[in-house]
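Quick setup: one chain, the form predicted on its own, written in structure tokens, and binding and motion questions come after.
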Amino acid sequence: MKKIQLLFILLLSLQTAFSQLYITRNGLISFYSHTALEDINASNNEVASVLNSATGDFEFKVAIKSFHFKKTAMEEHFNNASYMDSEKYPRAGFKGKVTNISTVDFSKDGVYKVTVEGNLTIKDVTKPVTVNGSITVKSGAVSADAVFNVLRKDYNILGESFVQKKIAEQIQVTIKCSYDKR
């Protein structure tokens, strides 16, 4: 029994030794909405994210109140109960996996196309998503990028009726993270 436990501990240690965590606390998430009446842009550069190069596990968390807009009124509307209700739902996040992590050579410079599958949580709704993006390795530095669309009604982001025509049904989301090795 002791031999089995020792073997298990040894295998677990090897997995930990070979796994490589990449972490950032200042990733960027931005979104864009375009309608004939108005363009809406917001960005947040306080995104926390972890990427495990051995397993492909990928996660990010973002504080809703850290999104900033060009117009102060937009930021206030965004955080109120009709939109993101940031008091009740202070964070959004994603937890999933890079499905083709084995195609990324973290020891060799290059841009690697990847697919990420997982669950996106915004407000009180969690939905499965599949996103295509890329992981870039350059001189040992690792970054990840993706652009995808979110239907705001899927996540109960409705807003006030008098401004519905100013907000696109589909919101373009852009993610850019530069990671530090841990």
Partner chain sequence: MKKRKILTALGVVIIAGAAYAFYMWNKPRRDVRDEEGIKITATAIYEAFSTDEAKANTLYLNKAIQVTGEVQEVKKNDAGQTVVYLKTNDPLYGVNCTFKENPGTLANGSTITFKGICTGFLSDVIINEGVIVQ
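Since we're looking at a predicted model, the values are computed, not measured. Residue numbers count along the first chain shown, from 1.
Keep in mind that the form predicted in complex with the partner chain is not shown, yet the notes after this line are about it.
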Item to check | Which of 110-118, 147-155, 54-62, 127-135 lines the interface with the partner chain in the model of the complex (heavy atom within 4.5 Å) | outcome: 54-62
Checklist entry - Does at least one non-hydrogen atom of His68 fall within 4.5 angstroms of the partner chain in the model of the complex? => result yes
Checklist entry - Hey, in the model of the complex, is Ile101 touching the partner chain, heavy atoms inside 4.5 Å? => result no
Checklist entry - Any chance Glu76 has a heavy atom within 4.5 Å of the partner chain in the model of the complex? => result yes
Checklist entry - Though only this chain appears here, would Lys165 touch the partner chain in the model of the complex if you measure heavy atom gaps against 4.5 Å? => result no
Next on the checklist: Let me test this: is every residue among Asn26, Glu87 and Lys176 within 4.5 Å of the partner chain in the model of the complex, going by heavy atom positions?
Outcome noted: yes
Checklist entry - in the model of the complex, which residues of 165-182 put a heavy atom within 4.5 Å of the partner chain? => result Lys176, Asp180, Arg182
